[in-house]
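There is one chain below, alone, in structure tokens, taken in the form predicted on its own.
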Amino acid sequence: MEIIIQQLLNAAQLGAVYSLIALGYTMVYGVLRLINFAHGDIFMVGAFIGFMLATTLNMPLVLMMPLTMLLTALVGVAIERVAYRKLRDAQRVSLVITALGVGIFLENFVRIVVGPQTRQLPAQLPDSVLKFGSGLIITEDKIWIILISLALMIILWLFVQKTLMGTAMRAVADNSEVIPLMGINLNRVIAVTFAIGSALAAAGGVFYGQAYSIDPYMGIDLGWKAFIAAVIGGIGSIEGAVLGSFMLAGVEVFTVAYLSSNLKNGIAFGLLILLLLIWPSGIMGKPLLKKV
């Protein structure tokens, strides 16, 4: 039982990071019907911004994380303004190719600026070891990562459900063509969506850098897995993105613990295929209705 609890905590930590990335995918898809394949690399950029602030300016986490989220949000808004805005009415394939190109640009830009080496953010969370019983060992930083991530998710849910901008975002997701007729600035809503998604990805990057390691190409693998989590939960659904992320993380952690690390990705993608055969729109997703 202690081993199972240990693995559940490991899955919760990884699932928290996946959730913070997956929320960006699901929010952008909700308002634009666009899969932002550069989002995984925005997560990577956020991790390196946090790394630079922590190492060059010696910022404590309480200052470094909000500033990292703000700067990464500006990166996300700039990408939307420069790369995506003029292509909204273009064919979907044009947006997909542009998103992939933006991701490749970010990877190589970071590689040129900081180098290809693997790095780790300086430990800034309490890291004392908590022991329970004879075999359960929990590090305090893991608890903090889970709790802060959950707090950010709750804040996002309250923002979307309880504020005027959140209402506008839900209205755009429901019918973007009518929104300008209601006096709502569509460009502003989309920019805020990109900013929030990028800021959450930056928080995930900081936590991932604290718990694991970072490199300029980390966004490829983690971005795809977060996208899978969003699809499993039902892309376009905030609750679904969180559910899918924790499910995927649980599958990966328990596969590594009880089977083999070589099977981790195969089982994760197999889970995606199986669940989509049962729920084509994802567990909490809604089918897209076409008016004829």
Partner chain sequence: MKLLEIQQLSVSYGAIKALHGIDLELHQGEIVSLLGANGAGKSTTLRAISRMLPMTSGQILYKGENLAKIQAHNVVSRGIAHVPEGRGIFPSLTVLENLKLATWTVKTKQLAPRFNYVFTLFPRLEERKDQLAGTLSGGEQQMLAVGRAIMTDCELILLDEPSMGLSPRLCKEVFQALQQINKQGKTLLLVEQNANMALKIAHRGYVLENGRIVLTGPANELAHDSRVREAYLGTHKHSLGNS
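Predicted model, so just to flag it, every value in this text is computed and none were measured. Positions refer to the first chain, counted from 1.
There is also a form predicted in complex with the partner chain; it is not shown, and the following applies to it.
Chemist: With the partner left out here, if you bring back the partner chain in the predicted complex, are A78, K86 and V96 all within 4.5 Å of it by some heavy atom?
Modeler: Result no, not one residue of the spot touches the partner chain.
Chemist: Please pick out the stretch from 209-217, 160-168, 142-150, 100-108 that is in contact with the partner chain in the predicted complex, where contact means heavy atoms within 4.5 Å.
Modeler: Going through the listed ranges, the match is 160-168.
Chemist: Consider the chain as shown here, without its partner, and state which of I179, L136, L125, V114 has a heavy atom within 4.5 Å of the partner chain in the predicted complex.
Modeler: For this set of options, the contacting one is I179.
Chemist: Does D221 make contact with the partner chain in the predicted complex, using a 4.5 Å heavy atom cut-off?
Modeler: Taking the distances in the predicted complex, the answer for D221 is no, it never comes within 4.5 Å of the partner chain.
Chemist: Answer for N185 alone: is it within 4.5 Å of the partner chain in the predicted complex, judged on heavy atom distances?
Modeler: Result yes; N185 sits at the interface with the partner chain in the predicted complex.
Chemist: In the predicted complex, does Q91 have a heavy atom within 4.5 Å of the partner chain?
Modeler: Result no; Q91 lies far from the partner chain in the predicted complex.
Chemist: N175: heavy atom within 4.5 Å of the partner chain in the predicted complex?
Modeler: Output for N175 is yes: heavy atoms within 4.5 Å of the partner chain.
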